[in-house]
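Only one chain comes next, encoded as structure tokens, the form predicted alone.
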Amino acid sequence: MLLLLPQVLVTVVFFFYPAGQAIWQSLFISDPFGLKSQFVGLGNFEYLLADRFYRASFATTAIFSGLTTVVSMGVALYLAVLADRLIKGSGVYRTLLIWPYAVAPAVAGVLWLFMFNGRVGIVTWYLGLMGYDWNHVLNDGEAMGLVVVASSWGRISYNFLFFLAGLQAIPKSVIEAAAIDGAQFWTRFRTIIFPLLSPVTFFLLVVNIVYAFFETFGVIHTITSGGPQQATTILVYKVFSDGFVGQDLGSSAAQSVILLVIVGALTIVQFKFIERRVHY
């Protein structure tokens, strides 16, 4: 119990206490100056569920988190397979692939914003030469694509580390035996390598969905600020925009409670149904 006490204290102070405060504050409507508040019960939740913009943010969050998870994990697995097969200079490639993980989400957002800037962006300039007029400030699809790419880019390195470690832990004798039996690379990958990677894949699936829900705020804030017309306003960004910009603290607290419930439910579903396909 003494060894567990520091972690329990950290969890209580930085998770349970703020979560309890959010639940309590979601039952009140506060004035913008914080001088008084009125108890409304579940009124904040009823107002949110009746708001079409808030309901639209559910679909936006689902699309964004799904695309970010698939892109970051897919690219990371591909790069890990390539790095695992390298013999010469493998250490250099692995180091270069790890570097983007050190870049903060807000900084990553600024980098991608510069590259796709309508006036000085180098990617936008090349797209213009090919006859494509890029404008993520006005185009919903381009804005969503840009924040997905920027968010995935920063997460690829994290996923790459785990996939590479998982690949290197697979016994080479099993793969060599399949190769001797005549199995081609993709057959070996589909029937042997990927099933043995299922524990790593399941872990990364859980943490990447949580990342897409919470830690991508900096990317969205620096690139699109939730626009255009709230096309990239995910749930966590709407908590910020309503609470800190709109000064509707009761609604913002209610949104944080709903977001907590959604992420918790998704995690439970993943452990209950997806983990059945995991082979340890």
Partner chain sequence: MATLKLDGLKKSFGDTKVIHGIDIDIAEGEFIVIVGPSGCGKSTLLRMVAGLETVTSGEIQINGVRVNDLEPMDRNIAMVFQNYALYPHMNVFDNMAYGLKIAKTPKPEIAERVQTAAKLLQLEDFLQRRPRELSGGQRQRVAMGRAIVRRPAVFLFDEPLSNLDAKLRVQMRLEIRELQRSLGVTALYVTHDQVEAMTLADRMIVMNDGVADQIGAPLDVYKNPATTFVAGFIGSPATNFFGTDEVTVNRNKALMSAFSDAERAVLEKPATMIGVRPEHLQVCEPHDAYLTLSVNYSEALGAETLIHGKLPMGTAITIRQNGHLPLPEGGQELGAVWSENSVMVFDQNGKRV
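None of these values were measured; they are calculated from a predicted model. Residue numbers count along the first chain shown, from 1.
Quick note: we don't show the form predicted in complex with the partner chain, though the next part is all about it.
Proximity to the partner chain in the predicted complex holds for all of Ser173, Ala179 and Thr191, with the criterion being a heavy atom within 4.5 Å. Under a 4.5 angstroms non-hydrogen atom cutoff, the partner chain in the predicted complex has Pro195 among its neighbouring residues.
In the predicted complex, the partner chain lies farther than 4.5 Å from every heavy atom of Gln168. Val206 falls outside the set of residues with a heavy atom inside 4.5 Å of the partner chain in the predicted complex. In the predicted complex, the partner chain sits within 4.5 Å of a heavy atom belonging to Thr187. Though the partner chain is absent from this view, in the predicted complex it lies within 4.5 Å of a heavy atom of just one residue from Leu79, Val71, Val210, Ala183, which is Ala183. Only one segment in the set 71-79, 140-148, 159-167, 195-203 has any non-hydrogen atom within 4.5 angstroms of the partner chain in the predicted complex, and it is 195-203.
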